[in-house]
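In structure tokens, one chain follows: the form predicted on its own.
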Amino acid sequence: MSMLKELRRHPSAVAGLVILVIFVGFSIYTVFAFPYSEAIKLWRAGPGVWDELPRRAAPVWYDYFTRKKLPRTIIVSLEDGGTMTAEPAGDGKNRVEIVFPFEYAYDGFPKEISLFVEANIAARGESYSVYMRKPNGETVTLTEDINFIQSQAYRISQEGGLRMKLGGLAPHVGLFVEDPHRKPDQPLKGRYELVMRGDLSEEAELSVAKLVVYGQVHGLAGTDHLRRDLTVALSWGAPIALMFGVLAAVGTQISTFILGGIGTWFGGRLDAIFQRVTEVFMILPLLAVLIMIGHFYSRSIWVMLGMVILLNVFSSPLKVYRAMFLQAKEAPYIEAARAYGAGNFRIIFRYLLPRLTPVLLPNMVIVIPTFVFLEASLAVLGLGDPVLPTWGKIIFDARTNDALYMGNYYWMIQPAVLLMVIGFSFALVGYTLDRILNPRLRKL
């Protein structure tokens, strides 16, 4: 309680604690709201799961920084907004017409347009045509005589023949301008109707008929090149970063602290061995060793975490702790413990280590961001866990898919900002704790 009162006197520590509480609370919420198994399954899902999301769409808050009203995704299905009529056409067939109406009131053009259709086996071999009715009364034929298959996605935006018909404009642009032969500036606003028309046998049934007009913005975090909602990876990136950083910091600092106390107390050959091993590990390039392990053995986050702890046990803090233990070893209460016959390990764990425990906590907090950035660095280099969605993995995907070149700045900036904020918060708390608990800094 006294330490918390001291922290309250430092605004920087209060700010850091507030940020950390937000991250921890959000991490707890993520674990319960998006269970691990479901999140992994969702993030690694193949085609079909993310089909209704636009590709490379900016977050919805990006719209607040523009003067235009950027388009959102419009979904019209047969069950929600669409209408279907059927009239006898002879020969045991019905002339079926499905209309997908929607209002378009945005200042930009859609990213794509797709039509999803699923039919039963009886519909195979039948065909249908697709038309677009524009607000100005014009009707554009998109395609004719498409054969039904059990499940298909008609990507209107990828129709080469339709592009030629629209004067070389991409279909998702040319269909929304008043005159496709003029340079498009603003889309034609109003009510549009996409029409499916075909002659189907009486046994034929459509289980799914859905139009998706993809927008330019989506969700709180946007989407990536695979249409995945980045909110999933950004959300799970927080608990993974905290878990890796805290476990690595606790594992390395406590192990180093205990070994430093044992080596200093026993001295002699054991202390000399600890010092030589520490000097060897200090010159080992940690990142290079982890890169080799990732390439030749495993990229599992647990393997990387174990190697990080192992390679950092004998590190420079061991020499710092040794210098402190050498001074504490000569304290009068240690001599008193020896006098009444206390054993070596009783002295180490009951008298020597507790004496310097206050120095351990700030050091542990300060090094957490180091390990958080280390995990992100491995992911950025392509050595992140292939299963987990992390902040570093997002940056890696953004870099390898030319996010900055294509103007998808949100894709790389969001995880980078979160990494900097969490590192900054731990640094604020850690350095304040060092000033409070370190006897040499209390008077400063």
Partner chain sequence: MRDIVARLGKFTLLRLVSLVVTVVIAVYITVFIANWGGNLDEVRKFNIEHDISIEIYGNPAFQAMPTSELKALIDERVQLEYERQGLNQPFIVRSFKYLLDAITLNLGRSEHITSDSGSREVRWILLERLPPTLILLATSQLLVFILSIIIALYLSRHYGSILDRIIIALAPTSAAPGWLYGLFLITIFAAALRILPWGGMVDAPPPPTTWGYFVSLLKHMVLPVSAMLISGLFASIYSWRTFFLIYSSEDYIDLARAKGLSSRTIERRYILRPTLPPIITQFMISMIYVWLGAIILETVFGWPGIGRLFYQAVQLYDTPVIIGNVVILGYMLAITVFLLDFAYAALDPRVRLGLEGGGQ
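Numbering follows the first chain given and starts at 1. The structure displayed is predicted, hence computed values, not measured ones.
Beyond what is shown, the protein has a form predicted in complex with its partner chain; the following relates to that form.
Proximity of Leu428 to its partner chain in the predicted bound form: non-hydrogen atoms within 4.5 Å are present. At the 4.5 Å threshold, heavy atoms of Asp271 reach its partner chain in the predicted bound form. Contact check for Ser377: a non-hydrogen atom falls within 4.5 Å of its partner chain in the predicted bound form.
By the criterion of a heavy atom within 4.5 Å, Ser316 is counted among the residues contacting its partner chain in the predicted bound form. Figure note: of the listed segments 99-107, 329-337, 367-375, 136-144, the one touching its partner chain in the predicted bound form, with heavy atoms no more than 4.5 Å away, is 367-375. A single residue from the set Leu220, Val173, Leu310, Val289 has any heavy atom within 4.5 angstroms of its partner chain in the predicted bound form; that residue is Val289. Pro285 is the sole member of Gly161, Gly341, Pro285, Gly190 with a non-hydrogen atom lying within 4.5 angstroms of its partner chain in the predicted bound form. Each of Tyr297, Ile413 and Gly423 comes within 4.5 Å of its partner chain in the predicted bound form, counting any heavy atom. Residues of 373-412 placing a heavy atom within 4.5 Å of its partner chain in the predicted bound form, in sequence order: Phe373, Ala376, Ser377, Val380, Leu381, Gly382, Ile395, Arg399, Leu404, Tyr405, Tyr409, Met412.
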